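A single chain comes next, written as structure tokens; it is the form predicted on its own.
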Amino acid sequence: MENIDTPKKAPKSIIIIFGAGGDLTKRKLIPALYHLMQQGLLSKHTNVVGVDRLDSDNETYRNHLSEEIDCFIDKEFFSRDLWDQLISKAHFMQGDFRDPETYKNLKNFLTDIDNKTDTPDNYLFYCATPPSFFGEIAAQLCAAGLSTESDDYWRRLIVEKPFGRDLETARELNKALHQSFQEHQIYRIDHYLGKETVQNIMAYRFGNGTIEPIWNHRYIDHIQITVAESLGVEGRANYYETAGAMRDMIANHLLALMSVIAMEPPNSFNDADAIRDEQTKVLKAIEKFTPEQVLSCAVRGQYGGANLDNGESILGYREEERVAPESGTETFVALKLMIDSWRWSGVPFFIRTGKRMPGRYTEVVIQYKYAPSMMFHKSMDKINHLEPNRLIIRIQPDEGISMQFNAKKPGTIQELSTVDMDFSYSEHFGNAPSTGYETLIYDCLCGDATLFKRADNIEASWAIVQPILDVWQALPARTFPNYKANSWGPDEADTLLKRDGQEDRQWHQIK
């Protein structure tokens, strides 16, 4: 009898990577495939075909990947024999993504591999390219007959973010993809949804009788989501100048996290659409900003230079290479969002993300309402309430969950102190090698779309941020730069929490 707890191997297939010479391929995708092979989840018949304009061939491409793989796989997990098995199935085909001949040649190339390696015409096309190529590649694959499925084989397309740069272009991209592939064939990847801690939010909520009953407005005061980055643009200024923190992070990662946290229980966890239906309902229920609300409920910032205590000097954003000297691009965003539903009535969601902050952290903080404190008034000094309980879900780098609650200090005096009850993934389950893409690639090969975004989900996300983008475009920021590098953002982000008479609210101090 098959052990249902043992993951099955992904089916035989060929993975075709457009943009095979790029950083994403060598840093994330190829190492992810290696880890899947190491875990016994990749069929030995899986082949990889890299497509790019590089002047290369199979041997040269394999040597190129082999020369740098040590930089992207931890030594303790690396086996030269296993790597040789994987790289022997890697192929390269030169081609221009806009040239129809490329796709005719690719079809013949894939047929030849199928005949030699006993693969059943299952093709996964991965667009590791700039977004401007997504629609073009889909259309060319369709024209070459490479998007057509049958009962005997499947064809799937993965596209990376960003999915458009506003609501209009997101709709245009979805329309272009749907002209060539059916929705069930399209896998829009957000690597944040592939993180174990994000997946565990649903298990933690719905799998514990002590959690879900109090996951609502009756017990929760507010929720914070923080994605902080310590680095600057790191050579990505050409992209970042046209995107900014709102498009780069809010419209994708943070709203995706919010939809997982706030969703209702689906009818089934084995039905990808049932789960994505509930996440999309959350996004559609988020109250849209009026222009006046943008001014009071949305904060933008841009980091300036700073001299650190250790003598290090950090350039401001406008001083970075290839950044305009008067750039109005935001590197920090904080929002107050409200969900129009029974569960979340009156509960604000505060989300923030920024570059050049004191550390690299992603965490969710559930802050519960204050407990009545009249019994303990003698033990409290200069405050008139107990510290609130907080549930903290750490997504990176130290994955885990902790609960902050009040306990009595030892001794004869009735004095309370806040303590932590902590769970660490690495201590309990051990560290598994990961690039963040293993689960997503494996799920796509197996046809499980649960962790991927649907077209309506994408458009619902853009509908939330579009009014903010419109106001910010009409009213350029006049105070940039407005926070120092290595700080937690502009002062207005702190004020955002304290409005409506909530003077005691503050961002959780990440340790």
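Source: prediction; values computed, not measured. All residue numbers refer to positions in the sequence shown, first residue = 1.
There is another form of this protein, the form predicted in complex with a small molecule, and it is not shown here; the text below is about that form.
H253 is the sole member of R188, R156, R276, H253 with a non-hydrogen atom lying within 4.5 angstroms of the small molecule in the model of the complex. Only one of Q396, N406, T119, S434 lies close to the small molecule in the model of the complex, with a heavy atom inside 4.5 Å, and it is Q396. Residues within 4.5 angstroms of the small molecule in the model of the complex, judged by any non-hydrogen atom, belong to 192-200 and to none of the other stretches in 192-200, 175-183, 205-213, 111-119. Using a 4.5 Å cutoff between non-hydrogen atoms, M249 counts as a contact of the small molecule in the model of the complex.
The small molecule in the model of the complex comes within 4.5 Å of no heavy atom belonging to R352. By the criterion of a heavy atom within 4.5 Å, R360 is counted among the residues contacting the small molecule in the model of the complex.
At the 4.5 Å threshold, heavy atoms of K161 reach the small molecule in the model of the complex.
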